[in-house]
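First, one chain by itself: the form predicted on its own, in structure tokens.
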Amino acid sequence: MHLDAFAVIALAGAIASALILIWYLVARPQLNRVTKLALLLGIGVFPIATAGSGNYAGFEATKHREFCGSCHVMTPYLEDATDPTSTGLAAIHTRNAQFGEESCYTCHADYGMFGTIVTKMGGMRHVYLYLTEFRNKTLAEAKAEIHILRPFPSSTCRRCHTTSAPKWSEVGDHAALLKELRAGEVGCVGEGCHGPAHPWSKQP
């Protein structure tokens, strides 16, 4: 179902619930089976549908690249990712239609069993840090301090880039580091390999 449909469901549920409650408070109908059913819908079913649909719509919205760049300290990252002339990995992958509007989320998401939940919990940490440390800093100050939480895992790259294709292993550096790469001891991203994701990326 399209994201907009969930937003419509959430809005419709909220309106329906409000109308039922206003009707009950104004009309004060007799508490019979029909009234109880209406109250069940107004106090229970519609609010639950609204909360569920609204949360899902909001959850999906946070996957979009524009959301990721909505904090001013993330603006340079958004601009780099969408720069058609940038040669950074983020920009190269963003130009790939497969990533669509979710290129930030696709590369930074944890795809474990509870990957989406873990990713969004990590996102809340970003919101906390923004509000407590970076909100009042200039872009230059923030850029000098912001760094990725942990080294970028090559397993993220290998979700799309196989290490088993014949042409992959023909590259000398790849073949020599295959065991270490699969064990997570070395990564694809970084100086000397495929470069940083963003031009100013750095390890903590």
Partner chain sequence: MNKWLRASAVLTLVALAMMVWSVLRPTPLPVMLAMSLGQAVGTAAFGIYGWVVLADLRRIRRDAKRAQELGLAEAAVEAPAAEAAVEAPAAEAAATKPPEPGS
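Being a predicted model, the structure only gives us computed values, none of them experimental. Positions refer to the first chain, counted from 1. C-alpha atoms forming the largest set that superposes within 1.5 Å between two forms make up the rigid core.
This protein has a second form, the form predicted in complex with its partner chain, left out of what is shown; the following refers to that one.
Note that among 173-181, 49-57, 134-142, 153-161, the stretch whose heavy atoms approach its partner chain to within 4.5 Å in the predicted complex is 49-57.
Proximity to its partner chain in the predicted complex holds for all of L11, R33 and G44, with the criterion being a heavy atom within 4.5 Å. Among residues of the shown chain, H147 is not one whose heavy atoms approach its partner chain to within 4.5 Å in the predicted complex. For V127, a non-hydrogen atom is located within 4.5 Å of its partner chain in the predicted complex, even though that partner is not displayed. Looking at C193, you'd find every heavy atom of it more than 4.5 angstroms from its partner chain in the predicted complex. The shortest heavy atom separation between A61 and its partner chain in the predicted complex is within 4.5 Å. With a cut-off of 2 Å and the rigid core superposed, K36 has a Cα displacement that reaches or exceeds the cut-off between this form and the one not shown. Relative to the superposed rigid core, the position of the CA of A61 differs between this form and the one not shown by less than 2 Å. Core-superposed comparison between this form and the one not shown: the C-alpha position of A27 differs by no less than 2 Å.
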